[in-house]
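Single chain ahead, by itself, as structure tokens, in the form predicted alone.
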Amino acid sequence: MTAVTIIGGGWAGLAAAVRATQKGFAVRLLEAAPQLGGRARRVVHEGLALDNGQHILIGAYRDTLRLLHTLGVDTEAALLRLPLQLQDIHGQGLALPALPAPLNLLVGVCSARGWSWADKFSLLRQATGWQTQGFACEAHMTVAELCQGLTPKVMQQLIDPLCISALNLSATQASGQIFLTVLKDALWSGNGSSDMLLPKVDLGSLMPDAAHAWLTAHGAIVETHQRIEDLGPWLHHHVVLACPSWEAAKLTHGLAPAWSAQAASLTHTAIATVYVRTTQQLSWPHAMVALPSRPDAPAQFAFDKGSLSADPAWQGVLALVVSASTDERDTITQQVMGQIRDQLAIHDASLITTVVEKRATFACTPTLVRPPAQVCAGIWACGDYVAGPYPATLEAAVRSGFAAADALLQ
């Protein structure tokens, strides 16, 4: 039985370990942290199981859903499926109906609340143009340049929140081509592709716990608290680097200097999540609402955790997400607490904690060249930063993990 060592136990590493085990490899997975999950993991604060960031899956994440099914995760119990909606607490904005694609998009745009017919027509005209052009644009284009024909309201209530949530960059910085790829897969890839899948459990319970149990049951070795400083002892068999790009760059500096330099050159953006508790009764249209974001009110989305779970500990808990965050933790917390009061009209919110993932995603800018999956002979890399069509998402991580394991057979 051929051995493979997988360094890193995030979603990419776990996906690679599961696929390699299925392919008949003797798998050993080594994770430096005390827990699995990487940048999508459980964070326990004073006994309350939270997450290091509020993640959303969509129906187009087919490899992620395939992995969950392999692990025996009951996705209906673990995920709340909703048609795509980007509405505020008053129900203003876009909400797609539960209709076959692309009829759902047409009806959703035409019935968007608070949008004029000029707003709606600009989006339909632009979307038709993207489809006609095969969802391709010039490599140098930003999302803002791609969307120049859209009205300010459509930009503010649809494109900006979609861009910041998918690419973790503002529309003036983010890659137009990657954004188009996300739109194509979400809105034009069949029924249910655009649905939002909101976790009803913490991220550790959603996948890493199940992956650990599955791997152990199938003979793989999984070890935490195992920081690897040198690849030398592992080079007698296959190695998959599933650690963050900056760690992979350090480990490959002497083995593949060009690849290492490319991985080290990636820049990263942060995501902050502010968790609060309230006793007020909420009347939001959905478990997730969009917020009017500005520099002094940076949160783009709010989640009612209590409506996602019957767990008594989650009742009254809200998670507010600041994508592409740049300020310090205390500043972010103060600004978001003001947002909760002024925009959500919640006056008794008490802070639970603020979690800042400083290098949550790579900066998905136009013309960015990402490192390839093969580092050198016998060494492969996987992670959401590896060359591919997607930005830094769970789906990109899982896809790259599958691809790295499949490459071991070549």
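Predicted, not measured: the structure shown is a model, and the values here were computed from it. Note that residue numbering begins at 1 and tracks the sequence as displayed.
Quick note: we don't show the form predicted together with a small molecule, though the next part is all about it.
Stretch 224-232 is the contacting one of 224-232, 187-195, 276-284, 81-89, since its residues have non-hydrogen atoms within 4.5 Å of the small molecule in the model of the complex. In the model of the complex, the small molecule sits within 4.5 Å of a heavy atom of residue 271. When contacts are judged by a 4.5 Å heavy atom cut-off, residue 20 does not count as touching the small molecule in the model of the complex. Among residues of the shown chain, residue 33 is one whose heavy atoms approach the small molecule to within 4.5 Å in the model of the complex. In the model of the complex, the small molecule sits within 4.5 Å of a heavy atom of residue 37. Proximity to the small molecule in the model of the complex holds for all of 61, 243 and 392, with the criterion being a heavy atom within 4.5 Å.
Contact annotation: of the candidates 373, 346, 56, 363, the single residue with a non-hydrogen atom within 4.5 angstroms of the small molecule in the model of the complex is 56.
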